[in-house]
Structure formats: structure tokens, C-alpha cells
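Coming up is one lone chain in C-alpha cells, specifically the form predicted alone.
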């Protein structure tokens, strides 16, 4: 049996006819730049996230860069983030001229550590202008604590939600009457801005590059609209030095259709994750994904940990099972970042986790028989390995 690591055809086939019709409509109307579909998608995506505004942009990387620019992040400013992420997160900070400050991650969730952020604020008091938490693999960060900390210190929050479309957080607010009020929010609706990628393999993916920024701040919204379109206020009148960073209207046509299926697809991912969790419980030294009590995980990636990661990866590949490592070399160890970042403390947890993580196949439409085959193969690997070690 062959199990690909990712297969977007399975889910896309469900919406194929609708997508074709939507794309052909754009082609027939020749409305390719900032057209009707972009505007409609922005409205629908803002509603989905629970924000007042959404701005369609050319990629998730662009979403991060424009957000930093809109918030006035510049040379001399410090931005706190995690080194256990895709390069675009920190790369965007470097492009503004600001300094990246890498802090360690939580060993359970692999998300940025709140305690590490606190240490960072104490060490670089007054210099930190923004925190850039990454909702890694589809699980939200501790946004309640991060938001409280940032508001207290007048620090902006830029949520990197590129892997967590539709993930929820449950906030508990106590009023003066001491009555508890529970509030549910989606990622991208908590910080000053939320940044999303619609790369084809994301939970919500288009047929090329695409991204979006969400916010509740009207001033930021207006500025971001200008920045994505060369800083333009009106035809040939420019208020900023901007970018050609518009979401393509053809991609918006695709996203408009696929957005309708996102909740359904996320539930499929959660169902598959549950089967993996149960099947891999107490198998070898495997650590299955930990999920915090106050969030939902949308499993952009299903990531296990094992000290035998490289050996297991080879075994799975030999058995025609696709798997991958995200992110085996943390950013602070990448040659591109040499001399370009600061830290508060050691990044030992990040380095430990990076050596052990392995992503297994998970996507809407993945047959349960294939999920069971993956589990069976992993069990066989550990049984064989234990047998060898006893000889």
C-alpha cells in the first residue's frame, strides 16, 4: 500500500466543479486584478475569522511583512518570535531592518514559551515593539497570557496563523461582579493583526501563492490596503512606498469556494488525528501531539516525537509511506541568520524537539485503511527494533 504524505486532489475533487465555474467566470470577465472575487473573499474570510476586516495579499510571507510595516516596525526595534518555524516568520522581520529576538518553545505544544517572552521583555525593556507568535502545526499559542503581557507593556501582537486556519481559543474573562464569561475566538482575531498563508498544502489552500491579513483596526486596515497596492491612495497618487502584493483574483475565486468546506475538512483532520493518537499510544517511545485544554487543534500537520526519528523515517519510506520533518534545523542554527538575531536564554528545548519531530500523513480524504496501515507499520518498526536490541 502506498500512502502519500500529502494529496490535495482528494479534497479538491469535492469542490472541483464549483472551482472551475468560479475560475472560468473570472477569465470570461477578464477581471484579474483586485476584482469582485477578492472583495467577496475578504468579506467572507473576515466573517469566518471573526474580524471586522481582511486584506487579501500575494502570500503568507507578504502578509507578515506588510503587517510589520503597517505597525511601524523599523530598524532599532526588537521583535520576539520562535526559531521553531518556517523561515518567513523571522525573514519578514529582517526585511524591515528590525532585530529578531528568538526565544525558546514549550516542550508540550512546541509553541512559543510565555515564560521566555517574559524574560525577554525584562531583558530588553523598551526595545521590544512586537511579539510574533506562531500557531505551529495547527495549535494556537497561549494567546490569553501573551495578550495580557503585551497589553501591559504596550507591545503589538502579530499572529502567524499560516498553519492554523479555523483553530479556536476559549477565553475566560472575569468581570467586576466576579462572574465568568467564556469567549470563543479564532486565531487571527486576537492580536493586532493575523497573518494567513493559502499555499496549496495549507488547510485552506489556493492554486498558487496567496495570503491574507485580518484585523479589527480600521486605521491599520486602510494602511494595509494601500501598502499591498504600491502605497496607492488613488490613481497615480501614492501615500507610502508600498509593494505589489495583491491577492490574485483567480486565486480568490478558488478560495471563495474552498472556504465553504474548511470546517468540514478540519473536522476530518481531527478525526484522523484521534485515530493516530489512539493507535500510537504506548508504542515505543512515541510522543503524540499534546493539545492544550483551552484550544482546538486543526492539525495542519500531525507531528509525533521519537528519539529514533531518522531510523523510523527511513523505515516508513521503505514501506511507501510519506513523512517529513518540520523543522529539523531551527532558524537560529541556519546559516542565513548568523549574526542577525538575539536571544535571552538558551534554546535547548527547541534544539531537542527539532531532533525528534516527524510528520505523518494527514489530509481530508485520507482513507482510514491507510491511516491504519501507517499505525501498523510504525508498531512493526518498534517491535522489530526492540527485538534487535535484545539480541
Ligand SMILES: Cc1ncc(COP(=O)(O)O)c(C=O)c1O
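All values derive from a computational prediction rather than experimental measurement. Residue numbers count along the first chain shown, from 1.
This protein has a second form, the form predicted in complex with the named molecule, left out of what is shown; the following refers to that one.
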| property | result |
| --- | --- |
| Heavy atom within 4.5 Å of the named molecule in the model of the complex - residue from 261, 199, 315, 243 | 199 |
| Of 253, 112, 162, 298, the one that lies within 4.5 Å of the named molecule in the model of the complex (heavy atoms) | 162 |
| Stretch in contact in the model of the complex with the named molecule, which is absent here, among 88 to 96, 283 to 291, 186 to 194, 220 to 228 (heavy atoms within 4.5 Å) | 88 to 96 |
| Contact test in the model of the complex: residue 64 vs the named molecule, heavy atoms, 4.5 Å | yes |
| In the model of the complex, residue 327 touching the named molecule (heavy atom, 4.5 Å) | yes |
| Contact flag, residue 210 vs the named molecule in the model of the complex, heavy atom cut 4.5 Å | yes |
| Proximity of residue 56 to the named molecule in the model of the complex, heavy atoms at 4.5 Å | no |
